[in-house]
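Okay, here we've got a single chain as structure tokens, the form predicted on its own, with questions on binding and movement later.
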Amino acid sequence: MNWTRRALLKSSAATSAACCLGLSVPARPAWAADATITAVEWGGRYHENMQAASDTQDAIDVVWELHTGGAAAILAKIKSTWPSVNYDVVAAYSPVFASMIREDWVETVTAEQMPNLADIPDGLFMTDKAGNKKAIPRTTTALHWGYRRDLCPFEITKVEDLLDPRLAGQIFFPAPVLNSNAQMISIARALGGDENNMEPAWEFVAELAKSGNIGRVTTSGSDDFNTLSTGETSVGFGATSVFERVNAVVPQVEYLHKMPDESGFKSIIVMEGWAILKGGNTEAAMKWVNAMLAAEVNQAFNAGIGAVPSNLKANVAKEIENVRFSQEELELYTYAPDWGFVSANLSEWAQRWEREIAPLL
């Protein structure tokens, strides 16, 4: 981590204590900066590392508002005061950004305004229908299939392999409440559908449930880690971070994240980053976010949270460097769903799972 001395000194108990209390936290005295913005951020190590990142610059002070009750809760807070805004920058992830963009709350950003955006693959940005860049990526996470080479009875090369009877009880399958149902979207995509046409996935997963190959239905990342790391199951769909944790315990994980098109396997990219709200202190917000995306700052922040930086000039930890996607790899190996449509249909998909799939397990 290449933090400044001051950043190291300030990533301390003072900020983390307020983090735990869900308080708004002034980064440092307002007199020290040219402007002050209010930024919404997650607590814990996210806030600690973003505080340290912010301390690498002197131009903009930050008052922190920490997420409480999940990042999506910020949507109701923004809506309750709109068009007046209490926040200048909101840290969140793809499904939340989709709702914000649909409501037309988010400023368009360009590399002319924010030069460090030029070092981020275009495919990671979330845009509006006109193609304007809206949500700004700082971290990338992939959701994909993977398996343990030491336990899986054969090499998995295509989606249809999941129905092989040799995998009886060997698959962990996340319920729709987890991963925004990206696991079923990935199957739908492999079989000619997508999030707008999930019928191929429902038919396939029904067959999978009847086959007895699903040994565990998971509802959290901890479930994914526990079932795969203990060897209860050997194949499943989850976040790269889960497979990394398992691989740290049992270095036998095969990542199916960059597979040939004929395999049907596509990685679903989830982006974490920022949206700059319209009506706020836009100029200062852009200046601050641009500073946070400088290669060294983006690298240090992501090293602190154990994630892959969005800036291609930032280095990534050796143990996770294989899960970084270049622009070409994004086009070849990943699929970006319409997160707005996904968010609107999650409840119905969860109910259909209980109605049609759960009885078959």
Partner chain sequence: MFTLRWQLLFIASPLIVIVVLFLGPLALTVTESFRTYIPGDIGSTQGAPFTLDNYRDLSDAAYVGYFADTFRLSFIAALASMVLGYPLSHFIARRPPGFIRKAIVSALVILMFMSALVKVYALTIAFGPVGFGRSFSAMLGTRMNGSIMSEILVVIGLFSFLFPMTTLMMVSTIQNVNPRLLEAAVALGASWVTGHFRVILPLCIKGFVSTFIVIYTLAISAFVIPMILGRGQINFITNLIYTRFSEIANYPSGSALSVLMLLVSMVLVFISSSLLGRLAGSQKKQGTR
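Numbering follows the first chain given and starts at 1. Treat the numbers as computed from the prediction; the structure is a model and nothing was measured.
This next part talks about the form predicted in complex with its partner chain, which is not shown.
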Taking 4.5 angstroms as the heavy atom distance cut-off, pick the stretch from 244 to 252, 76 to 84, 264 to 272, 197 to 205 that is near its partner chain in the model of the complex. 76 to 84
Is there a heavy atom of residue 117 no more than 4.5 Å from a heavy atom of its partner chain in the model of the complex? no
Its partner chain contact at residue 159 in the model of the complex, heavy atom, 4.5 Å: no
Mark residue 212 yes when one of its heavy atoms lies within 4.5 Å of a heavy atom of its partner chain in the model of the complex, and no otherwise. yes
Is residue 177 close enough to touch its partner chain in the model of the complex, meaning at least one heavy atom pair within 4.5 Å? yes
Which residue, 111, 217, 291, 163, has a heavy atom that falls within 4.5 Å of its partner chain in the model of the complex? 217
Contacts from 229 to 249 to its partner chain in the model of the complex (any heavy atom within 4.5 Å), listed N to C, are 230, 231, 232, 233
Evidently the Cα separation of residue 100 and residue 175 changes by 3 Å or more in the model of the complex, so the atoms lie closer
Distance change of 3 Å or more between the C-alpha atoms of residue 222 and residue 96 in the model of the complex: closer or farther compared with this structure? closer
